[in-house]
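A lone chain, given as C-alpha cells: the form predicted alone.
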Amino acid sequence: MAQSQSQSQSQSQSNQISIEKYRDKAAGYDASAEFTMPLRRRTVALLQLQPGQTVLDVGAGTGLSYPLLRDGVGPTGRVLAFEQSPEMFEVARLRVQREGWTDVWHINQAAETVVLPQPADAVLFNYTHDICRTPLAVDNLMRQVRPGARVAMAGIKFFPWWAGPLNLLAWLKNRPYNARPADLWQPWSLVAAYCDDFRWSGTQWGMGYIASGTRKADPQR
C-alpha cells in the first residue's frame, strides 16, 4: 500500500511538472509544431485508418491531429482524445467548436485515469513521451484499445550509444516538454510490450523515431 501511494504521488508530481511546462507553450504550439507536420502525417498513415473506425489521439495537445484522423475514419467514424494540460486542451476545444466537429469526443484529463466512451480501433501516440514512459498510463489506455487495433508512435529518442555527446542535444530538446527527459533509450518499449509485429525506424538523423504495431489479442501480453 505504501509503495502504491508513493508511486501515485510521484506520478502526480510528474503530471504537474508536465502541465506547468505546457502552460506557456499552448498559444504558440501550433506554429512551433509546423516543422514536424510531415512526420505527424507519416505517423497517422501508419494507422491505416478505415471509414467507420474509432481512433484514439493520446495526449492530443491542441488537436492538430484531429483533421488528419477525421479524414481517415470518414463521416461515419469517431475521434476520441484527451489532454491533461488545461491550456493546450482549451485550444483544442476552441478548434472543435470553431469547426463544428460533432464526431470528436475529447476531455481534459490525465492518461492514467481517462475512461473512453467506447473501445478504440486505432491509437496514435504522437510526441507523448511522458505518457509512453508511464506504466499506469500505458496500461489504462491499451486496455481500452481493441485487440488487433493499429498502434502508431512518433517521438524523440537518444542517438545510438556510440554517438556519445550528441545525446546531450536529444536531452536538451526533450527537457522543455517532458518530466522524464533522460528516459530516451527505448521510449517505445512499454507500448511495444502490448503489440505484435512492432517495428520502429529512426527519423531526424537518428534523434527521433516512428513506430507501429498491432494490439495483441492477449490482454496479459
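The numbering used is simple: start at 1 and walk along the sequence shown. As the structure is a prediction and not an experimental result, all values here were calculated from the model.
Form predicted together with a small molecule: not shown, discussed below.
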Would you classify Ala122 as touching the small molecule in the model of the complex, given a 4.5 Å non-hydrogen atom cut-off? no
Residue contact check: Arg40 to the small molecule in the model of the complex, 4.5 Å heavy atom: yes
Closest heavy atom of Ala110 to the small molecule in the model of the complex, within 4.5 Å or not? yes
Spell out, yes or no, whether the shortest heavy atom distance between Asn15 and the small molecule in the model of the complex is within 4.5 Å. yes
Can you work out whether the small molecule is within 4.5 angstroms of a heavy atom in all three of Asn140, Ala149 and Tyr194 in the model of the complex? no
